[in-house]
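Only one chain comes next, encoded as structure tokens, the form predicted on its own.
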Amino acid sequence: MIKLLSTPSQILTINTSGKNLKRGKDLSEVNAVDEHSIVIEDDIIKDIIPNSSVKKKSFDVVLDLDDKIVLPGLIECHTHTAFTGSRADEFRQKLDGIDYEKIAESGGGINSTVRAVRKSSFEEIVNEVKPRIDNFIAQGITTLEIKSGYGLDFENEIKLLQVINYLNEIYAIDIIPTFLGAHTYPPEHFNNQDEYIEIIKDKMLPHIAKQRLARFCDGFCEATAFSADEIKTIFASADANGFKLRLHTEQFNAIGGLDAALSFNAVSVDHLEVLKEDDIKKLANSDTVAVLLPGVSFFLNYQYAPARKLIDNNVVIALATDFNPGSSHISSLSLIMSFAALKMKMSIEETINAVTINAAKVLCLNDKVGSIEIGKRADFSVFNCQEYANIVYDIGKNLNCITMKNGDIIYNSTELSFN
């Protein structure tokens, strides 16, 4: 079947000329195309044609997108969406001036959610997560990463990954599972941390790899979590088991996590709020993506990652919500883009590239999604505006009206349909 996305006011192609990423000066180009339409065939972008030639061709179905802007399907590359329970009480403590690390040290933080997840059944977790996924889809997100990390023992980490994989089966979007067993130490291993590392290395990672429950292995290198040497030990096992590697690092303390991640050619280093200026050069021209999470800085009233310096040093930048129950209870990707523009001085074009092609690179899918280029999947987000600046300017407002995955409409707040 040949479909036509007809006469949108503009198409932001995010054309990469085959590079499948954007960095440096290219990051400021969204490659906007006027007076063109998109041809879809067999779920793939077949062509981008001038509107003047539309009447000369034949199409099975047509979707009229007058006064709409078409973007690639948005990519949400860093979330902790699979959790149960609430940490609203901790939010109250933060407002009273108690910092995140002190809350964690007193038994709150991640381990609070761990207790809730361990008490929850597979079905209960699924039912909690479904509305969150629906919310992401309504924003134009067609690829969504979800981490484990709130089980912190073999049974419950596997349970979370099984939930994520099940949700991937029942939803039209791509849901990418990441194993985050090295999120923090569970209470039962506070006094025997080496044993927990052995469980991750020798039991969790081999089983998850064999069952193909996750593509990525992530960790949290932080004073209240895992040291750089402990991360290296875990990453050595993950690498041997075929995982691609990511790392939460340089969030509150710089304790060697960046060097550990780069020594394993990690696909991303995420957070970087306290990244030292001298260390920025280590990421310059690297294939490792810096995933910036301004929602955390906003939510914790904390400093922001040095986006401008990273961009000026030719670092590949992506943005994500880091949606989680504790440090970024924010699930709006457009709000994150607004934070990035206002607080990290990123341009509107840079934020759009950071949630499309560069976010796709984080998930190693940038050859398939993240830009509107011939041969890529027909994943689109359609925005009800005539000026793409509104996507960032209309703070906290979801302007996406149609989400398309593989050429099919999976979310539609309009009365439009293929005719």
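Everything numeric in this text was worked out from a predicted model, so none of it was measured. Each residue number is its position in the shown sequence, starting from 1.
In what follows, reference is made to the form predicted in complex with a small molecule, a form of this protein that is not presented.
key: Lys46, Lys68 and Phe380 each touching the small molecule in the model of the complex (heavy atom, 4.5 Å)   = The answer is no: none of the three residues contacts the partner (heavy atom, 4.5 Å cut-off).
query = Which of these stretches, 137 to 145, 243 to 251, 204 to 212, 117 to 125, has heavy atoms within 4.5 Å of the small molecule in the model of the complex?
reply = Selected range: 243 to 251.
ask   = Taking 4.5 angstroms as the cut-off for heavy atoms, does Asp322 touch the small molecule in the model of the complex?
value = Yes, Asp322 is a contact residue.
message = Since only the chain is shown here, I'm wondering whether Tyr150 would be in contact with the small molecule in the model of the complex (any heavy atom pair within 4.5 Å).
response = Answer yes; at least one heavy atom of Tyr150 falls within 4.5 Å of the small molecule in the model of the complex.
query = Is there any non-hydrogen atom of Thr178 lying within 4.5 Å of the small molecule in the model of the complex?
reply = Contact with the small molecule, no.
query = Is there any non-hydrogen atom of Phe264 lying within 4.5 Å of the small molecule in the model of the complex?
reply = Flag for Phe264 set to no.
ask   = With the small molecule left out of view, which of Val269, Val316, Ile110, Ile164 would have a heavy atom within 4.5 Å of it in the model of the complex?
value = Exactly one listed residue reaches within 4.5 Å, namely Ile110.
key: One residue of Thr288, Thr81, Ser327, Ser334 in contact with the small molecule, assessed in the model of the complex (non-hydrogen atom, 4.5 angstroms)   = The residue in contact is Ser327.
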